[in-house]
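The chain that follows stands alone, in the form predicted alone, written as structure tokens.
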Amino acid sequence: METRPIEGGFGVEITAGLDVLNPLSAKQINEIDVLMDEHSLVLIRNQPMTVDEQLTWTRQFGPLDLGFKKVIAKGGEKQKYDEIGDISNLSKDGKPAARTDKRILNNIANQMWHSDSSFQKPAAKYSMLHSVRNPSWGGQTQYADLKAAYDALDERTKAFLDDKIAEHYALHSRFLIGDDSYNEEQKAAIAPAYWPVVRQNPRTGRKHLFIGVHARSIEGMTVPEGRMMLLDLLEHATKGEFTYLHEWQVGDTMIWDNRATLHRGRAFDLDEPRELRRTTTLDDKAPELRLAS
């Protein structure tokens, strides 16, 4: 495969030697894994896929994540597969949904910096977002490089964070935007997940932050102190020098490593159609974390 750096940010674009509609060889899968380890963001342009083709493509990289289905109801789903995340503002009739539709709330929640499914175990590994239809303005996706952000921390902060554990909770982001539609039974049914604030790539040994809007506290710190630490880290990690803003073209597929990046959607006119499809693999080989009793 031939690649070139993504202009204006981190990551690489595969420019030749890959057809997403053909089965990948073990060598090609390994090549993409190596690119992901090094760059965390891989772009494939102008290769449209149907829903079935996207599922077939994604399954080559591991078991698929259902977290966005089983944890947060989308409402008005028009996809026929649970493994597909319908990242659109469209209702069942194919027209932009009403402002009160659950998917609109999800569009807005997606505008906060997050890592897919960090609120569950296993969490997400690779997400693959495929562009089907784009609005006339806005609707970009922005990415943050958590490897570079960690490297830029001062040594005192690195040492302080070294053994810290954060609690990630699925509804934390929803509460932040005023979604109080969950009863106590629903809240109690969603268990939080715990992850090191600093994680390490098992293949390369490189360290990176693991934070985002789903993280709501740090073990061993008071809630106010922990949240301020998480907010400070999020502010640091999303500085301009660590981010890339992707302008979607129809047929684009962006692959990102949820373990080493954050992302967020950008605002667009909700009265205009926007349709992207997300498939996500599970990080099912992540080391088991044992909390202190």
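Values in this document were obtained by computation on a predicted structure and should not be read as measured data. All residue numbers refer to positions in the sequence shown, first residue = 1.
The same protein also has a form predicted in complex with N-oxalylglycine (OGA), omitted here; what follows describes it.
Shown alone, this chain has one stretch from 228-236, 256-264, 31-39, 57-65 that lies within 4.5 Å of N-oxalylglycine (OGA) in the predicted complex by heavy atoms: 256-264. With the partner removed from view, the residue among Ala124, Ile87, Val197, Ile84 that has a non-hydrogen atom within 4.5 Å of N-oxalylglycine (OGA) in the predicted complex turns out to be Ile87.
None of Ala149, Val213, Leu129, Ala170 but one reaches within 4.5 angstroms of N-oxalylglycine (OGA) in the predicted complex through a heavy atom, and that residue is Leu129. In the predicted complex, Leu276 approaches N-oxalylglycine (OGA) with a heavy atom inside 4.5 Å. In the predicted complex, N-oxalylglycine (OGA) sits within 4.5 Å of a heavy atom belonging to Thr141. N-oxalylglycine (OGA) is not drawn, but in the predicted complex it has a heavy atom within 4.5 Å of Asp116. With a 4.5 Å cutoff on heavy atoms, Asn201 does not count as touching N-oxalylglycine (OGA) in the predicted complex; it lies far away.
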